[in-house]
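Coming up is one lone chain in structure tokens, specifically the form predicted on its own.
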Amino acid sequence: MTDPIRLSLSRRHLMSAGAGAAIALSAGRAAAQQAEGQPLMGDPELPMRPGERMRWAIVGLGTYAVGQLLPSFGDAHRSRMTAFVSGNRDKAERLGRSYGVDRFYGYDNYDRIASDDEIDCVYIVLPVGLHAEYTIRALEAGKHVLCEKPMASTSAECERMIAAARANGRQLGVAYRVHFEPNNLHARQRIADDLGVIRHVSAEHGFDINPEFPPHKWRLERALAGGGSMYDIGIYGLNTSLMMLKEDPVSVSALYSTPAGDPRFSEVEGGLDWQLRMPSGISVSGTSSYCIAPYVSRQRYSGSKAALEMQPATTYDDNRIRFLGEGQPPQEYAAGNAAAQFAAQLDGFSMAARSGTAHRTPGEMGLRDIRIIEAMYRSADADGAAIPVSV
């Protein structure tokens, strides 16, 4: 740290040194190396000016939106928030003051976004049972829509959402943030390059749900949640496994693993053990649970040459990789900042919406996953019978 007294004395000395000292100082500068500007190299991804970015309305200001999504706009290069939709106007305005948002809508006047030229994209961050309605209304209002996962309560709702996007010429995406998370993207490349032929994949995701905690409470109500643990936490294992394998299952089987007599699960399943049979002949097995502690997010990919584990695998900000090669010590590392996934997802959708090109996680992907989960439930209802899947 610079000594402020010495700095002050040095300045006074220079001020009083006279012209001779100034000439000597100038000559010294001339002899010394000079700082020079350099041309812009390569093709860096420069942030767009605010007026050129796609403008977003956030629908639903719950804990996930407030804790993860809203702050991520500060790191986005092609996206900015311009409107909030909430049933709590005071909360919306308070957040608006913090984030520079001054356009507010409630659920009673939601359709007025159709005439708001300051909204290009809508992010649906509501409970699952409301996804279809608010997504379709936004699409019919002429807005592009990114909808939180799972896409909807039923495959029929997903199909209506996709039809609305096509009818109105708008983009529809599902917020599978893992497809933008740097550690998972790195793992996908290593799985392709270093594991050889994939033999088996396993996924374990779960936590112990607390019905007294408001963000958990609605997840136990079928009308709002659509389904139980598989819809909420198990879907990470399903979607991420398919992302890594790049193939879809031909059949599924599953068994419920809900504790008998647990009053939390009168409407939705507390746990599901599932298995996918892939066209390549391998299997993907997974566990989804609302009944285990501590929180777990684990994926393992086993190949003919090596294996790769991720634990945690799909968290907001702390994903890690463990590579296990034949005859080599395990390599444990992180390949990037997991928190970057949120801004990357926003900008990815903004770019697709602006250019009219395919989005990385389109509505069709969300429909596929709901069809698979519905087949899992049919299998569990039939004591684990194999159910063919056509996605």
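On a predicted model such as this, the values are computed, not experimentally measured, just so you know. Just count from 1 along the sequence shown to find any residue number.
In what follows, reference is made to the form predicted together with ligand NAD, a form of this protein that is not presented.
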| message | Taking ligand NAD as it sits in the predicted bound form, is Tyr99 near enough to touch it, meaning that at least one heavy atom pair lies within 4.5 angstroms? | response | no
| in the predicted bound form, does Ala339 have a heavy atom within 4.5 Å of ligand NAD? | no
| task | Answer for Leu61 alone: is it within 4.5 Å of ligand NAD in the predicted bound form, judged on heavy atom distances? | result | yes
| message | If we define contact as a non-hydrogen atom of the residue within 4.5 angstroms of the partner, is Leu126 a contact of ligand NAD in the predicted bound form? | response | yes
| query | Non-hydrogen atoms within 4.5 angstroms of ligand NAD in the predicted bound form: do His131, Lys149 and Tyr236 all have one? | reply | yes
| Can you pick the one in Leu224, Met278, Met243, Ala156 that has a heavy atom within 4.5 Å of ligand NAD in the predicted bound form? | Leu224
| request: Would you mind picking the one in Ala175, Ile136, Ile198, Ile292 that has a heavy atom within 4.5 Å of ligand NAD in the predicted bound form? | output: Ala175
| task | Could you tell me which stretch in 228-236, 266-274, 299-307, 111-119 has residues with non-hydrogen atoms within 4.5 Å of ligand NAD in the predicted bound form? | result | 228-236
| What residues of 300-333, in sequence order, lie within 4.5 Å of ligand NAD in the predicted bound form by heavy atom? | Tyr316
